[in-house]
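A lone chain, given as structure tokens: the form predicted alone.
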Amino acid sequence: MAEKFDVIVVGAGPSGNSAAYTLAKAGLSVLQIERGESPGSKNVQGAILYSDALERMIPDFRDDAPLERHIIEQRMWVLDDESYIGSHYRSDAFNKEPYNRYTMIRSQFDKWFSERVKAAGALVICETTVSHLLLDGERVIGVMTDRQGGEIYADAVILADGVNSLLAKKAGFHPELQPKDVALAVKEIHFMPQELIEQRFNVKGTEGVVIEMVGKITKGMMGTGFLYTNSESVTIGVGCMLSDFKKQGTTPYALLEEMKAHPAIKPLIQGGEMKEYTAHLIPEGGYNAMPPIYGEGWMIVGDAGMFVNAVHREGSNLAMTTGMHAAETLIELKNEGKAFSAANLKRYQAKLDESFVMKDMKKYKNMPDVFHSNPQFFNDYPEMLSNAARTMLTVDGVDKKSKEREIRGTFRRRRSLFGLLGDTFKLWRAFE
């Protein structure tokens, strides 16, 4: 193993792989360190891949990447205890190549991406833990690993070690994570025949469906549920903020079990064989919870930097984009003969500010606080919307004008006129 590298990348998820691949392809000497047995070995869950970010780095990724289904239909459900009201968007435009969104299974995808990283020239070592960063004053000069002679040096270190970045915390780059800023999500993968998936979701070939869910499945806690169709399996899960789990005293597993028993969800997974279960943290504190993302000889990418758009459930595209921009910054500075100082690495921040990443993060910066302080969005409103739909669709000899008055009265009794106006204003301001 070489004693000194241009860059060390810690972590082999989407952000770390994007950084390592971009750097190695440009000819820099890169060491990537992953503590799992192999890249993706700790990520068994299904997920969504947004192709744009990956395509910018690897235009031919569709030739051999382990993709599950391309998504042609997006459903949004608001659930009460026994029903849902929602919307579907399905378009044949999503059947035209190149496809924009895919379902994937991270354990397979991360391993494939890592092979591309190696082929580009990076050295990847797994089953290796980085215990702390090596510092010369305030400057990061390398990492300490758990291997014999574990000191490894580099001109820059990119931290792509996930939401709970112990290295950044140990070095004092950001404070301890707050439970209100992190969601704990649990997921299961239920395997079933491809023909059964196609029948249940009205798809064929590699077409897929995504269902995002909010409402009483989270028992008033800030969170969402989801269901993704894979080639021969269905990924189902639910996640809520750690702070809410603590207050409620319930467990993520119990929440998922109740969600699977919901009358709108149970038929979709019936007959499937559950083979994989995982729990993981998701950074959902948004823009206001982001730590510093660069300094003397170091940069933070992906989940470690809170780069998740929780409103639109986007993560992989932000992870890959931040990893790519971090790498491009180092490549430019290397070519210009400039040091990887904090003053020069500020260029990374500028790149992100100009990209969709920071623009979207800033757009929704107030959303977490709105949902934290207004549990009615996850409890009262799903019930009221479902009751309103049921009232209007029930034909029982009552005229529609009377039904409308009944619905308005229910909304006012539950939230009051000022409450309804206030909730509308809060959402408008948060989305604006």
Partner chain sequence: MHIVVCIKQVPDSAQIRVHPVTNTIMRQGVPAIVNPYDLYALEEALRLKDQYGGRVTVLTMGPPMAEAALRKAISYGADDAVLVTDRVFAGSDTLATSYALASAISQISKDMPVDLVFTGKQTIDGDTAQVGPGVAKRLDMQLLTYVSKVRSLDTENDEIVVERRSEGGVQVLKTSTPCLITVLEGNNEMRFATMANMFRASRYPVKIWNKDEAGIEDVTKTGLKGSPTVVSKVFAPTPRAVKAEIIQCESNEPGDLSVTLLAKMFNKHPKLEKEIAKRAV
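Residue numbers count along the first chain shown, from 1. From a predicted model like this one, the values you see are computed outputs, not experimental measurements.
Note that the form predicted together with the partner chain isn't included here; everything after this is about it.
Taking non-hydrogen atoms only, Ser87 never approaches the partner chain to within 4.5 angstroms in the predicted bound form. Interface residue remark: His132 is not counted as part of the site for the partner chain in the predicted bound form, having no heavy atom within 4.5 Å.
When the partner chain is considered in the predicted bound form, Pro267 lies well away from it, no heavy atom lying within 4.5 Å. A residue is said to contact a partner when one of its heavy atoms sits within 4.5 Å of a partner heavy atom; Val209 fails this definition for the partner chain in the predicted bound form, lying far away. For a residue to qualify, one of its non-hydrogen atoms must sit within 4.5 Å of the partner chain in the predicted bound form; none of Asp60, Gly137 and Asp155 qualifies. Only one segment in the set 345-353, 176-184, 241-249, 146-154 has residues whose heavy atoms sit within 4.5 Å of the partner chain in the predicted bound form; it is 146-154. In summary, among the residues Thr128, Asn309, Ser83, Thr224, the only one with a non-hydrogen atom within 4.5 Å of the partner chain in the predicted bound form is Thr128.
The contact residue chosen from Leu123, Leu281, Met358, Val214 relative to the partner chain in the predicted bound form is Leu123, the criterion being a non-hydrogen atom within 4.5 angstroms. In the predicted bound form, Glu232 is the single residue of 215-240 with at least one heavy atom within 4.5 Å of the partner chain.
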